[in-house]
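As a starting point, one isolated chain is supplied in structure tokens, in the form predicted on its own.
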């Protein structure tokens, strides 16, 4: 039986060889070649299964380290795999609870709602009322979804990470690995996947999210049924609504998409600038608009965190966008871990200035994605490493802008952030520690004016 390493190599080489005609056997224009290789690798990842599908998803949110063509292909990859037979999912539930699904729920649907690389989702109904950590009681008969880690998924993914590490260590020593640190990328991937393999992490964040937005009737999330949840099984409220891909149907049903676009963007800014924890995997499948004119957040598997100091620094980066100030953007990006060597500051500053000059759209609104993703790409072109948290936040802000524009094309995400950033900067100006730090400088400046 062939080793997993040889299987991976064979699948990748097979796909790359098959792409040779599309790449003009290496003689086609660069963009066409890159697109052909990217398509081949995306197909290889899909063929190789869960670990590589999740790795592709990570690549899709790193435009700072990978080509536009590679990022676009990986973004198009669907995290959908053939469904396992219901009996396999039932065995996981029985092993976790010591009882069959019929003993735990009033009903359990054998036909899955969705089947992804890590988990499979089935619909069920509660057999008895349940009082969640936050929110109203879910009554007996309430519709829920049961998310179950696929049997063997954890072992398969962890095994593939070990094999991929061996392969990527070799690549890291070659010319291909000079721009990208493949082992560091794999470490980031491994950390993310470990969190996703324990469904309790997702449940805990959903509860915290519900608590944070307890005073906002326009923002909802599934209530978690902890009596029917473990590390491998997560039971949560079934959310009804339309995905953003079905937005026309929502409009036809009377949903106020303009109001939800503004409110949804504001809710995300609240996560970033007020709470310092935010849903970091927003895309059309993870957001619903509901018949009640609310926004439903789903799937809290990937979450970003910001310290108070990091929130201050990202606020200053947003201010740099408003005032078209490349020096401010560089100064506060450095505080967030973006280390630009002295010999590259001038070209980076020049490139950043061009980006800032191009952020205003024809309708007068600011284009954060042009600035944010362009900045990541600019840093990547100069070989400057991007801290994963910084890249994740920029990508998330750009995604929120895209989601909001799908609901309301004229929205200005920078204007939406302005009340939050103004509040943070205002508090900082009154912070005694900062005043004490700056007072000597202010006094010296005033004395220079008096004696001039």
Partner chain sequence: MTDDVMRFFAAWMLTHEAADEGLKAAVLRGEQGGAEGMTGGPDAFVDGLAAMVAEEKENLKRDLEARARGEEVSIEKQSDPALEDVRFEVAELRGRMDNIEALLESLVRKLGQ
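These numbers come from a predicted model, not from an experiment. Basically, rigid core = biggest C-alpha set you can superpose within 1.5 Å across the two forms. Numbering follows the first chain given and starts at 1.
Quick note: we don't show the form predicted in complex with its partner chain, though the next part is all about it.
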Worksheet item: From the list 293, 230, 115, 359, which entry has a heavy atom within 4.5 Å of its partner chain in the predicted complex?
Response: 230
Discussion item. So its partner chain isn't shown here. In the predicted complex, which residue out of 283, 90, 243, 366 has a non-hydrogen atom within 4.5 Å of it?
Written reply: 366
Fill in: Triplet 167, 310 and 394 all within 4.5 Å of its partner chain in the predicted complex via a heavy atom
no
Worksheet entry | Which of 325-333, 264-272, 145-153, 81-89 lines the interface with its partner chain in the predicted complex (heavy atom within 4.5 Å) | 325-333
Item to complete: Although its partner chain is absent from this view, report whether residue 132 comes within 4.5 Å of it in the predicted complex, heavy atoms only.
Response: yes
Practice prompt. May I ask you to state whether residue 252 is within 4.5 Å of its partner chain in the predicted complex, using heavy atom distances?
Written response: no
Worksheet entry | its partner chain contact at residue 382 in the predicted complex, heavy atom, 4.5 Å | no
Worksheet item: Within a 4.5 Å heavy atom cut-off, is residue 159 in contact with its partner chain in the predicted complex?
Response: no
Fill in: Partner contacts in the predicted complex for 85-116 (non-hydrogen atom within 4.5 angstroms of its partner chain)
95, 96, 97, 98, 99, 104
Fill in: Residue shift check between the shown form and the other one, rigid core fit, residue 349 Cα at least 2 Å
yes
